[in-house]
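First, one chain by itself: the form predicted on its own, in structure tokens.
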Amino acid sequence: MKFFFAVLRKIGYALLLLVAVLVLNFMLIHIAPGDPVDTLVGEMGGASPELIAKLRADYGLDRSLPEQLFTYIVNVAKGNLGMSFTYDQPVISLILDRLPATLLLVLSALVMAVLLGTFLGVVAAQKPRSPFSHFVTILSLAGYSAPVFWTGMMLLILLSYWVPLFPSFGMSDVGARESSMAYAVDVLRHLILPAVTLASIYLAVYSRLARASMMDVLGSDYIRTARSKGLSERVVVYKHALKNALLPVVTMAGLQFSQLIAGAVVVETVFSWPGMGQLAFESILRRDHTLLLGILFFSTVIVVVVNLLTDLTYRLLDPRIK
């Protein structure tokens, strides 16, 4: 029962956070320079004052800022994120069309970074002065210091231009849609370079974090007790030590999920990956305030849900947390 009320309390805090983020994003975007109607009219090649006034009235831009904010909050509460100025389509449909691609990229990069980074860190922690441990340290420093867009461009040059192993842009080829298996293989080929690019910086973080956490756990009293009982090193490391060493890794994965989504904007732009990041980039260039607000709100919802799941996972890994 306490666990149930704890979850309800966290959901209440999450709803308050969503409202606060919604209001803050709305105010920041609307006080920024640039008018979406002017941008739209410029792309049309000009328009009469009557048409400009009609467009501003249709999109509610002729009202005061408090009125626009109140109307927007009410519409969001009803599940209506508004209409896109650029595409003249509901924002929610545009986001849902791009959401699967972004989730595929972000989750693939997260799983790759957590699993491979944890494995490298755990192996390096068992022999902290070995050449392999020094290699993991150098790899971590290189991955963490390299900008994501630079890593992406280098991978494109090396593995798409010089050695054409992987496609250079997009999510799939047109001809691959003839069968489901061929389409899945083609998407996987397109996914590898963007996912590796996005995972590179976080792989460094998790490997260093797992290494430090595992070294700390391996020096604990209960680990010495387990070894004194004659248990094998594999059982000591992977059955007794790993579970506790994973706690900071799980926490960091939940906290950095928002950074992964932010990094996806750059990666999707470099690789022309058709996700929410590329859609957000286009909405910024075209001053599509409604679409950008919808993407920011949707991203916030995803991050909040992931953080809630992280808390629940933390409770499962550490029974001491009530």
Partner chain sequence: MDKPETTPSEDFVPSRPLVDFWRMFAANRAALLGLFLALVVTAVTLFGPMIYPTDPFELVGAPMSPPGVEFPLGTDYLGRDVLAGIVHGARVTVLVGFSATLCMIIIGLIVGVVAGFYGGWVESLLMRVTEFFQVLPGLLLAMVLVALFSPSLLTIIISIGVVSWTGVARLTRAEFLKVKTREYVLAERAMGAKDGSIMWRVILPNCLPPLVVAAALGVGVSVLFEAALSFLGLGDPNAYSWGYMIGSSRDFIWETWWAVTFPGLAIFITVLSVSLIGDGLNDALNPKLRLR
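As the structure is a computational prediction, the values presented were derived from the model and not from experiment. Numbering follows the first chain given and starts at 1.
Only in words, not in the display: the form predicted together with the partner chain, which the text now covers.
Heavy atom of P147 within 4.5 Å of the partner chain in the predicted bound form: Because a heavy atom of P147 falls inside 4.5 Å of the partner chain in the predicted bound form, the answer is yes.
Residue contact check: V306 to the partner chain in the predicted bound form, 4.5 Å heavy atom: No - in the predicted bound form, heavy atoms of V306 and the partner chain never come within 4.5 Å of each other.
Any non-hydrogen atom of V265 within 4.5 angstroms of the partner chain in the predicted bound form: Yes, V265 is a contact residue.
Close approach of A253 to the partner chain in the predicted bound form, 4.5 Å, heavy atom: No, no contact at 4.5 Å.
Segment assignment from 222 to 230, 161 to 169, 70 to 78, 99 to 107: heavy atom within 4.5 Å of the partner chain in the predicted bound form: Selected range: 161 to 169.
Listed residue that, although the partner chain is not shown, lies within 4.5 Å of it in the predicted bound form (heavy atoms), from V196, V205, L156, V187: Partner contact (heavy atom, 4.5 Å) among the options: L156.
4.5 Å heavy atom contact with the partner chain in the predicted bound form for all of A32, A280 and L292: Yes, each of A32, A280 and L292 comes within 4.5 Å of the partner chain in the predicted bound form.
Contacts with the partner chain in the predicted bound form, stretch 115 to 143 (heavy atom within 4.5 Å): Read in sequence order, the residues that approach the partner chain (within 4.5 Å, in the predicted bound form) are R129, L141, A142.
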